[in-house]
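Form predicted alone, single chain, as structure tokens, below.
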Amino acid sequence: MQLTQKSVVVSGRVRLARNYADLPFSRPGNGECAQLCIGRAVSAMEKACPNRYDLCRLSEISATDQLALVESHLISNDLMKNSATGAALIRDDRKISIMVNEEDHLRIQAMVDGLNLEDAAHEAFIAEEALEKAHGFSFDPQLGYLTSCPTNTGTGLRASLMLHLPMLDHFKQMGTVNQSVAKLGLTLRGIYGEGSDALGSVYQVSNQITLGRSEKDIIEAVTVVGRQLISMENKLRQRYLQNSATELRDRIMRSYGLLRYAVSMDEKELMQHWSHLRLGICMGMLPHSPEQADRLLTTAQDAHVKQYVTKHAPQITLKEGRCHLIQETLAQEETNPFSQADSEG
């Protein structure tokens, strides 16, 4: 078994907050202003990247479809709350989304599968350049980019890493970690960012402020802390395996059995067992890939399950549909987990 960065990192993201210089900064409840922001963004991205971005007006889709976009991290809860005027431009590979009319006129976000936040920043800045060419952003020579919330003024850049930290949770280290991270100007949040819970021991580490720090400094700080948390988590995994291998394997296999054969499961129970699933995969005990577990982290959430049930099995409940979906996904890479576990033990 070789524990790597990939064993802990679920994804990385860079988000830029921008406002048009000639429009009011307040959240655009003004319908005319909101539509102008959408029109500008659509026109700019169609010119820069023809046929690559799809416009999603939240007012034109169901609450379930809106929540599915939140679960996929393509839009925020705040944008969903502003669904009357909110919209998103989503690139065809779903690696970049441009939220329009959230807290600021534009929130440009780029996502990567691993630790390389520089790649995410590069993609975000390409999109930003295309948008700014069409209509300039509000910028102050001393302060930097101006935003609705002062905490985003400056670079307007927020970098984050989504990390799976079950052993730091198990050994009750997250309180100490949170305090240490805060001293560095960073913060730990739950799976969907500010105000959300760390379901399944999934945490987001990100910068708190953007003023007075360069984009490079922010990305470097988040990456350095991310690497430290990865190292801490992997050391605890090794220690637990050495000292309590039977207990660890039993916990993982119990959860795996429930995921494979349960008939009904709610979202909270899913996240507990998903955490054990991903841990078991990354510790070489289960015959699946981390990518497969990470897909389940999205597709087994409530809104995605509701979409699945509506399409494939409208006669069953959401809890039953979740089990159907999980078991279909896991069966795609099915081998004998017990023979593999025994050979590695």
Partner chain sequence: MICDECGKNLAVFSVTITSGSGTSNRHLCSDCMKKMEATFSQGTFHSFLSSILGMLGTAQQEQDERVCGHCGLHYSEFERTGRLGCAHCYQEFANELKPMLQRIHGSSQHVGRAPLNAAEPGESSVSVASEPTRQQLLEQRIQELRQKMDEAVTAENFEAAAQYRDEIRALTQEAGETSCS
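From a predicted model like this one, the values you see are computed outputs, not experimental measurements. Residue numbers count along the first chain shown, from 1.
Keep in mind the form predicted together with the partner chain is missing from the figure; the text below concerns it.
The partner chain is not drawn, but in the model of the complex it has a heavy atom within 4.5 Å of S214. The partner chain is not shown here, but in the model of the complex it comes within 4.5 Å of a heavy atom of F125. When the partner chain is considered in the model of the complex, G136 lines it closely, a heavy atom lying within 4.5 Å.
For P141, a non-hydrogen atom is located within 4.5 Å of the partner chain in the model of the complex, even though that partner is not displayed. Note that among 144-152, 108-116, 263-271, 250-258, the stretch whose heavy atoms approach the partner chain to within 4.5 Å in the model of the complex is 144-152.
I209 is the sole member of A198, I209, M232, V181 with a non-hydrogen atom lying within 4.5 angstroms of the partner chain in the model of the complex. For the options R189, H170, H73, K95, the one in contact with the partner chain in the model of the complex, meaning a heavy atom within 4.5 Å, is R189. Within 4.5 angstroms of the partner chain in the model of the complex, the stretch 101-132 places a non-hydrogen atom from each of E102, E103, F125, E128, E129, E132, taken in sequence order.
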